[in-house]
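Listed next as structure tokens is one chain, alone, in the form predicted on its own.
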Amino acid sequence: MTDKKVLTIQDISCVGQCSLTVALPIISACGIETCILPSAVLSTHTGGFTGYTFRDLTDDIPAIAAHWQKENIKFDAVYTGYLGSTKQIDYSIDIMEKLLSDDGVRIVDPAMADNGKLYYGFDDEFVKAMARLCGKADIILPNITEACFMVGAEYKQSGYDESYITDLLAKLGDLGAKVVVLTGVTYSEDKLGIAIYDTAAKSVNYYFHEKLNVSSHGTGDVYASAFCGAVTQGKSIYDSAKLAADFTVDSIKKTIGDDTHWYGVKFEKSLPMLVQELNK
């Protein structure tokens, strides 16, 4: 285990098991000092709740970053999740340039779309800004919808072949990131997985796990956070992608059957498994 410090930039949904309330405990469980920069504070996440409160913290970000710079605080990794505006994307780029250690890692989860549609409030301008952020990253973690929006490809939920995915990966690589970890890839009815593309070697590796016929809020954040923790702790890209997938699947399984827990997954119950596998 190594002593590393990660900064994660995303919102706080106080109830709902997503964004920072997922990232902070999961990355910390990986033995990583986890620092946070909240982009907004919401009473709950927006998926299924109504009447939630929202406070935008965009204007606080530059002062926080300036204070860190004054204190000579550096991070071994910066991991961005849901960002609410192009201004927040610009601030995140600036933070990566000024506060990352010399050998630090830039990890971007372009959380902005799913199931063929952009999240509420996002537009083409935001997509272009997110593609620019991905171009400055070392590792990006898009799902297929996000990938298609960023490279202008046709979205296919299913029924595609391997050439569709390899073409998508190549176009994502052209944005500028060193590694693309594409989630939600499937070539069969019973398997779901990840395609990992090394842009320098132009190589593609896959990891597939069982496909669970359930839809759960926050699993993208669970996956990205576990991946960030594993890769910062020194695991290979492939091993980190595999471990994060297995952890996410286990979290979903531990939630199935509890209809009262519709708003997220019980990732806390799977943390022992994550730590055990990380220490192998």
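Just so you know, these numbers come straight off a predicted model, no measurement behind them. Throughout, we count residues from 1 along the sequence that is shown.
If you look for the form predicted together with a small molecule, you will not find it shown, but the lines that follow are about it.
The contact with the small molecule in the predicted complex, taken as any heavy atom within 4.5 Å, belongs to Tyr82 out of Tyr91, Tyr207, Phe126, Tyr82. Comment: the small molecule is not present in this chain, but in the predicted complex one of Tyr187, Tyr155, Tyr164, Tyr119 has a heavy atom within 4.5 Å of it, namely Tyr119. Residues with any non-hydrogen atom within 4.5 angstroms of the small molecule in the predicted complex fall in just one of 245-253, 39-47, 231-239, 59-67: 39-47. Of the heavy atoms in Ser270, none are within 4.5 Å of the small molecule in the predicted complex.
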